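In the block that follows, a single chain appears as structure tokens, in the form predicted on its own.
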């Protein structure tokens, strides 16, 4: 018998079954179909036995890890500024964080094409400062791709952290300072444990978005940097190998899902939630 208090959840459950679980099962079925019409794990074995394909898989996961690391570094000073700022400064930081999200990912990516180009502000600034003797381009390089992804994904980490900071208990900071801790030690021992679950949730979002960002990877990375989303597109749009593309998609989903599941379980750990 269906409980009355769960009735409101059934439309969402039905939506998920129809538009997420069903396509996923269909994708899994296609991935198990072999070139001879049989069924099995041949597509997965073929992908994992190829050194180039394994390199693309590890490179995609490494890209997600690098972007998550540099997003964390970029977020730290903004988080500290938000914590110590007054209402006006907090509002300004929040608007600056949200503003880029109001524009499409394609627009932000093509803005980075201009920034990273030979005549862009980075190259021209380095040239004006005498740090280089000729213009250079960061397009089609991993450094340029990471710079663009860090800026694009930064709000995904900042927003959950800001939400937790707004209701963080400042009395714990005052207690730590009263006990003799310095400003940095007091903040990291009293406030940082309160935002760890939000940081881990942000890492999950950043990692998932960075590894699957087909537009940014294609436009900034070009043909020199190949990641799994582009690999899937090549199998579908160029080679018309739907079963192999489905197998690669399942592997991408599984590999990123395992890492995201680990971070989610870590975020729900009792000691990290302040109950230990």
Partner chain sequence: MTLNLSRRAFTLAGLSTLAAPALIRPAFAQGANVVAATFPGSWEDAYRTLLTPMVQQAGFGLTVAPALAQDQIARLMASPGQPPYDALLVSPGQSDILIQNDLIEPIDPSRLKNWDKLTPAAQSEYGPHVTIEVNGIAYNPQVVDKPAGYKALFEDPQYEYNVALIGFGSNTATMAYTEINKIYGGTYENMQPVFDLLEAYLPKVGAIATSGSNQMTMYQQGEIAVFMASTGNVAKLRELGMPCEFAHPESGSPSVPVTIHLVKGAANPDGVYAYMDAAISAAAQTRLAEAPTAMIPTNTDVPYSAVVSEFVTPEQVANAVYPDWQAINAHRAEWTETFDRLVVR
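Treat the numbers as computed from the prediction; the structure is a model and nothing was measured. Numbering follows the first chain given and starts at 1.
The following text describes the form predicted together with the partner chain, which does not appear among the structures shown.
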Margin query: Going by heavy atom distances of 4.5 angstroms or less, which of 48, 226, 62, 28 would be at the interface with the partner chain in the model of the complex?
Written below: 226
Note to self: Only one of these stretches, 134-142, 90-98, 148-156, 190-198, has heavy atoms within 4.5 Å of the partner chain in the model of the complex; which one is it?
What the structure shows: 134-142
Check: Applying a 4.5 Å heavy atom distance criterion, does residue 113 contact the partner chain in the model of the complex?
Finding: yes
Next item on the list: Classify residue 212 as contacting or not contacting the partner chain in the model of the complex by the rule of any non-hydrogen atom within 4.5 angstroms, answering yes or no.
Entry: no
Check: Would residue 41 sit within 4.5 Å of the partner chain in the model of the complex, counting heavy atoms only?
Finding: no
Checklist line | Interface membership of residue 237, the partner chain in the model of the complex, 4.5 Å heavy atom rule | finding: yes
Item checked: Residues in 241-259 close to the partner chain in the model of the complex, defined by a heavy atom within 4.5 Å, in order -> 242
